[in-house]
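Next up: just one chain, as structure tokens, the form predicted on its own.
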Amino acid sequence: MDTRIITIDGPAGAGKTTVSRMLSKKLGCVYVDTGALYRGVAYEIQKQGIDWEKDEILEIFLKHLDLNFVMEKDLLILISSGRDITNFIRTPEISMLASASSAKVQVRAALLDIQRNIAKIKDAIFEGRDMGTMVFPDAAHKFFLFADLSVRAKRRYDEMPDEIKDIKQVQEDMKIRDVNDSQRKTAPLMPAEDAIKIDSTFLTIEQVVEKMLKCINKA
């Protein structure tokens, strides 16, 4: 692989998205939010009323799924069947459905090519939950970002619209998702053996990015 690939894995609310965006700007490479792909699948499952737990139905659905990223300036926009769905995939319901449906082998296989095709043509930072373990095991640099549950829940709470704010519910949903993601049989959430682990509980975004840059520049 001639391109430089950096993976940043970790649980929800650890700061992966903000860190990835800032790091990509400093390094002049593309930022890819792989979680958006899984949210895109979940969005279409919900929109189309798909019984995704039935393998035959799921496989037919995935064969007809037209999901991809397009570049607009420095941003990757998520497109489904020609429609920009970027602004529709961040609800709590979609988050939980994405976590559950992403455990399906068929879903992960369907999205693998999209991610690897991007990596073939651009230096990129891939943010997700199994980027360093499953998708890009040979990535040049791997990071695993984590933080205390209460801190992660507060961060996610602060990002949400006022009308749906409920800190207790946010923390409970996040706790359930942590369990689902870490205990699933297919590509569980866990740091790669050679990943650099960073606890962001008491660090600013700038401090996390600085740590990553030092590691990258040392190599």
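Source: prediction; values computed, not measured. Quick note: we count residues from 1 along the sequence shown, nothing fancier.
What comes next is about the form predicted in complex with ligand DC, which does not appear here.
- Query: Which pick from Gln46, Asn68, Gln171, Thr34 sits with a heavy atom within 4.5 Å of ligand DC in the model of the complex?
  - Reply: The residue in contact is Thr34.
- Message: Using a 4.5 angstroms cut-off on non-hydrogen atoms, would Arg129 count as touching ligand DC in the model of the complex?
- Response: Arg129 belongs to the contact set for ligand DC.
- Query: Is Ile198 a contact residue for ligand DC in the model of the complex, using a 4.5 Å heavy atom cut-off?
  - Reply: Close contact is absent here: in the model of the complex, Ile198 is far from ligand DC, nothing within 4.5 Å, heavy atoms only.
- Task: Find out whether any non-hydrogen atom of Arg39 is located within 4.5 angstroms of ligand DC in the model of the complex, and reply yes or no.
- Result: Yes, Arg39 is a contact residue.
- Touches ligand DC in the model of the complex: Leu203 (any heavy atom, 4.5 Å): Result no; Leu203 lies far from ligand DC in the model of the complex.
- Message: Quick one: Ser24, Leu27 and Asp123 and ligand DC in the model of the complex, is every residue within 4.5 Å by at least one heavy atom?
- Response: None of them does, since no heavy atom lies within 4.5 Å of the partner.
- Task: Heavy atoms, 4.5 Å, ligand DC in the model of the complex: which of 47 to 55, 177 to 185, 190 to 198, 146 to 154 makes the cut? Say which one.
- Result: Comparing against ligand DC in the model of the complex, the contact stretch is 177 to 185.
- Sequence-ordered residues of 98 to 119 touching ligand DC in the model of the complex, heavy atom within 4.5 Å: The stretch touches the partner through Ala98, Ser99, Ser102, Arg108.
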